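Only one chain comes next, encoded as structure tokens, the form predicted on its own.
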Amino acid sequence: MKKIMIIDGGPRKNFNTASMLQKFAEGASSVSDQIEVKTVRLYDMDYKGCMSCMACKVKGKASNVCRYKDALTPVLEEIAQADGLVLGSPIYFGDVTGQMRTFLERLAFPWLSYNDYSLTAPKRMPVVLMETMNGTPERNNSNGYGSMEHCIAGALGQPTHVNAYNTYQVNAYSRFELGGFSEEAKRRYRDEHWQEDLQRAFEAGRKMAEGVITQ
């Protein structure tokens, strides 16, 4: 049995990021019943970022999986043995959410060798980085996964990007102080693009699963 891990770094269970990741999961699951697709919601978990305990760097006991014990530990251990990884986050202030960044510290720091600065994960695998954002393709301030993307590429392999732009922020704009946005324009963009975004997520899931099943 092959396994694809989906990490949802968004706070809302039924909105843009969650919907895109659900479509990815559907696409992956459509390929074969020999692929387990598991989604983990970071906002449902109690964990911390890197504690600088250096347990992953102890001589004779070095590990490329974080050794700090909390709710995130079993997830990191599952990822170490998985066959594919998907990371999804909304973009806040130009970056992924704090929960996603905290997760990435724990995921990537054990990969880094302070002997030769190489990056080595337990195994290489296909990776998709997904972002949902208020910005448009032409105008956005997203740094995405930032420097962590370099770590992911070096340790796991060059990731694929699946982004959704100009996403609908709330279901009822009239309830909120969002006067800088035209609800009509946002709705029009969503009507024109959202189903295409979901389909791209589905196809990305299908493509990863097809590659995984032939490994």
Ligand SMILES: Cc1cc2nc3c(=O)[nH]c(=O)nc-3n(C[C@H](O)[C@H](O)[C@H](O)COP(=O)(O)O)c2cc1C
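Keep in mind that this is a model prediction, so the values were computed, not measured. Start at 1 and count along the sequence shown; that's the residue number.
Just so it is clear, the following notes concern the form predicted together with this ligand, a form of the same protein that is not shown.
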Margin query: Quick one: G49, T102 and S147 and this ligand in the predicted bound form, is every residue within 4.5 Å by at least one heavy atom?
Written below: no
Note to self: If contact means a heavy atom within 4.5 Å, which one of 120-128, 79-87, 102-110, 133-141 is the stretch that engages this ligand in the predicted bound form?
What the structure shows: 133-141
Margin query: Taking this ligand as it sits in the predicted bound form, is S29 in contact with it (heavy atom to heavy atom, 4.5 Å or less)?
Written below: no
Check: Are any of the heavy atoms in P74 no more than 4.5 Å from a heavy atom of this ligand in the predicted bound form?
Finding: no
Check: Does Y114 make contact with this ligand in the predicted bound form, using a 4.5 Å heavy atom cut-off?
Finding: no
Next item on the list: Would you check, heavy atoms only and a 4.5 Å threshold, whether F15 touches this ligand in the predicted bound form?
Entry: yes
Note to self: Residue by residue through 166-199, which ones have a non-hydrogen atom no more than 4.5 angstroms from this ligand in the predicted bound form?
What the structure shows: T167, Q169
